[in-house]
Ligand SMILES: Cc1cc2nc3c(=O)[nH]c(=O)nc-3n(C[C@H](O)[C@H](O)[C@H](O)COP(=O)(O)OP(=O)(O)OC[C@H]3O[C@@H](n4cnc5c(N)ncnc54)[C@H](O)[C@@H]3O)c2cc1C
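Just one chain follows, in the form predicted on its own, and it is written as C-alpha cells.
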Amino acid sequence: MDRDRNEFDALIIGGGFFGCSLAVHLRQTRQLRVVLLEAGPELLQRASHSNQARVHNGYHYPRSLLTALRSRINYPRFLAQFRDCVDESFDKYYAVSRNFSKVTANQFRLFCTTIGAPITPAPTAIRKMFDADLIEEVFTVQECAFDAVKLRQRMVTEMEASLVDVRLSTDALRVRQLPGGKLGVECSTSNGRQELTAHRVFNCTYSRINRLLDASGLPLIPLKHELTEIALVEVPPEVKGMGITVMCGPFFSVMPFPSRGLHSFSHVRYTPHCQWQDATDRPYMDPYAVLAGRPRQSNYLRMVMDARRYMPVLTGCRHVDSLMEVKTVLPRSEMDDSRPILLRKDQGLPNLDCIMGAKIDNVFDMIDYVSAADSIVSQETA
C-alpha cells in the first residue's frame, strides 16, 4: 500500500457544499493534508443541488427567532463570498394567509422589524394578483437564489486551487479506531476496497450520516428524513422575475431556480412524499435506497391546484421536471420550524465528527466553530 497516498491529517466524507467548504477551509487556514471522499461521480450533486435554491435572509422563520437571526447574519456573508453564484435579479414577495397561518400580517411585520429584515408593503399591482379573501397582506422583501451549477463550478475550482485530494466514486463504508489514535476508513472504489487513515474524520454526508455510524457499530444520531419533490416549472409571464412565498403554514413557494432557468414550486403539504426517523429499535434504512425504491410520481397537480386558490395566475404554470431528494432535519425542529446546524464531536469514536447543515448559509456557522477551536464542540446551534 502507498502509505503516503493513503494517510491524511483530515478525511472528509461527503462532497456536498458543506464537505467541500470544510475541505477548502482546512487547507487554506491550517495547511492540513486533506482528502475528500464522494460516493457519486461529481461534487454537489445531491442535496446541494436538488433543493429550493433559496438563500435565506431570515423571513422564513418567524417561529424561530434564533434561526432567523443567524440567517440575517449569514446572508450578507454569503452574498459577499458567492455573489457570482447568486441571482438577485428578481423581486421577492412574502404573503400571509388569513386562514391556517401560524402568524398574522402584523406579527410577521413585527418579526421582520425585530430581526432587522427589510420589509415594505407590496405594490398594489402585485397585491391584486392574490385572492384578497384568502390573503391578508403581501410584503416586498429582500432574498435571492443560488445557482447550483455555478456554485459547483466555484467549489471545484477552489478545491483544485487548494490542492485538496478529491476522490470521486469512492464510498466510505465504515470507520474504526486504529492503534495510536488514528482512524481508519474502509472505502469502496472502482479498483476494489481500500483503507485510508486520518487523524480526524468529518462525516458530512447529510441524510446518510447514520449510514456510516450504523455500519461501524456506533451510536446513531436522532434524525428525521423526508422524501421530497421540488417541481420545476415555467411560470406565466406575469410571474417571471418574481419569487413568491405564502406563509406560515400549509402553503407554497414559487421562486427562480437559476441553474435551469425555471422556477421551483414547492408546497409544505405536498412536497414531502413520505417520512421516517432513524431509531435504535428498528433496522436502519438507507435514505438513498428508500429514494431509489420509491415509484417516481409527482404531486405537482396537488401543489398547483391548492396554490392557484391563493394566486389564480399560477394556473398558467407548466410542469417541466421534478427533483426528488431526501431532506433531513433534527426531529425537534418540527416544533418551531428551526433549522439548527448539527455539530457532533467524537460521535462514538475520538476524532470522528458529524456535521449536518439544514440550509446553505449554515456553512458559516460550521466554519466559525471550526475556526474557533482545534476541535469541534458538540452542540446543535441554530
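So that there is no doubt, residue numbering starts at 1 and follows the sequence shown. Here the structure is a predicted model, which is why all the values come from computation and not from measurement.
The same protein also has a form predicted together with the ligand, omitted here; what follows describes it.
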*Quick one: which of 63-71, 312-320, 25-33, 352-360 gets within 4.5 Å of the ligand in the predicted complex, going by heavy atoms?*
352-360
*in the predicted complex, K327 touching the ligand (heavy atom, 4.5 Å)*: yes
*Mark L342 yes when one of its heavy atoms lies within 4.5 Å of a heavy atom of the ligand in the predicted complex, and no otherwise.*
no
*Verify the contact flag for S338: yes if a non-hydrogen atom of it lies within 4.5 Å of a non-hydrogen atom of the ligand in the predicted complex, no if not.*
no
*With the cut-off set at 4.5 Å between non-hydrogen atoms, does Q347 touch the ligand in the predicted complex?*
no
*Counting only heavy atoms and a 4.5 Å cut-off, does the ligand in the predicted complex sit next to every one of I13, T228 and Y288?*
yes
*asked:* Exactly one residue in V246, V233, A307, A172 has a non-hydrogen atom within 4.5 Å of the ligand in the predicted complex; which is it?
replied: A172
_Residues within stretch 206-244 having a non-hydrogen atom within 4.5 Å of the ligand in the predicted complex_ = Y206, R208, R211, T228, I230
